[in-house]
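What follows is a single chain, given as structure tokens, in the form predicted alone.
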Amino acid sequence: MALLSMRGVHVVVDTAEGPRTLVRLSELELAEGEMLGLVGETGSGKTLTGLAVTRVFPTPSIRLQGGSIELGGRDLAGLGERELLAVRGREVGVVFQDPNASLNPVFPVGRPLMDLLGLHRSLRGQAAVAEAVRLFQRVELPDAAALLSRYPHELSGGQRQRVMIAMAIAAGPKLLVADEPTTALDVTVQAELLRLLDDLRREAGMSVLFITHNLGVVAHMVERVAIMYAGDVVETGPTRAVLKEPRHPYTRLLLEAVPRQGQGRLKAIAGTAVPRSEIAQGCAFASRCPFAQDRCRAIEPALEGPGVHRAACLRQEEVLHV
């Protein structure tokens, strides 16, 4: 059963020349208890897709213009700001890429966590302190009680990110949006945090939308993956099937660009990504695609294919058998 269902989601940025499309997501679903990897290069729209769930966009000029975002059967796209305040944190937790941008340097790290516990669980005083300590212990922070009174600059990058994870799970959300939570950390700390996220998901039965550009992490962490390009999903399916037998040229080229031992010069995808707002018709990837034909530039492909492994490509059978 789908916990999260996003259809026809349209995110725009208001400019002097009028609204410019950033994301035009045809569909994305996440089952209860599932971890879904959302993958794409920088600028593909994956972060904005995650932020669209709770409409916490980086600037007021970015907004949701249309579509449905159903969480547990309720359409969040139709909620007002006051109703969304109850959803943020309580039903949907978010872990951002840079904890430094999320933690206020003038407050001890325990302060925002206890504020959240008061807001969403009505815990205050010693009850809030005890629960904050428990949450810090659950995310494997050392000397949890003493850590509540320490400031962000006194913690390592991995410890700050653990604080953010504790805040994200404090109210027991149904969905966790993890936006490249380990990108700025060294590989050892990355592995520890990825294991922790997976343990928390299994323990609490949460669904996790795991946003990343790292295909290696995806291969080991998620059951299903969605590949995003120019603001829409172009391929989705079980992780093993998508990585072993890609049906979209973009997925194939992404995999060929992954560094391998003894490979020599890295392969790169030719050309540059075209913004969604500049694509009038046809396949968004056609200008960079080695398989593109005239019909690819005229017809926008739908996400389709055999079973649960689908791709938005008119030539996916040829791509599969290259």
Partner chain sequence: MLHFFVRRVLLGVLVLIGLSVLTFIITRVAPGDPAALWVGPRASVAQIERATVTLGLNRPLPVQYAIYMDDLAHGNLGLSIETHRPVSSEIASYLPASLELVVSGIVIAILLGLPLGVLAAMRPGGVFDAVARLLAVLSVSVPTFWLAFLLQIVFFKDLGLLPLAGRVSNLVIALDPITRITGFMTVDSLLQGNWVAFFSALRHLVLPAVTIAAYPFGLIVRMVRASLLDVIALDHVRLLRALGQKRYTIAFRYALKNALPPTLTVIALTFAYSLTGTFLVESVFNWPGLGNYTAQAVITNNYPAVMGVTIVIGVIYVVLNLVVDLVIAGIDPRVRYV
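Keep in mind that what you see is a predicted model, and the values were worked out from it rather than measured. Numbering follows the first chain given and starts at 1.
Form predicted in complex with its partner chain: not shown, discussed below.
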Could you tell me which one of D98, D199, D75, E131 places a heavy atom within 4.5 Å of its partner chain in the model of the complex?
D98
Would you mind picking the one in L148, M206, L135, V94 that has a heavy atom within 4.5 Å of its partner chain in the model of the complex?
V94
Exactly one stretch in 48-56, 292-300, 26-34, 275-283 has heavy atoms within 4.5 Å of its partner chain in the model of the complex; which is it?
48-56
Would you classify D115 as touching its partner chain in the model of the complex, given a 4.5 Å non-hydrogen atom cut-off?
yes
Quick one: is G237 in contact with its partner chain in the model of the complex, heavy atoms, 4.5 Å cut-off?
no
4.5 Å heavy atom contact, Q126 and its partner chain in the model of the complex
no
Considering only heavy atoms, tell me if E223 and its partner chain come within 4.5 Å of each other in the model of the complex.
no
Across 84-106, the residues having a non-hydrogen atom within 4.5 Å of its partner chain in the model of the complex turn out to be L85, R88, G89, V92, G93, V94, F96, D98, A101, S102, L103, N104, P105, V106
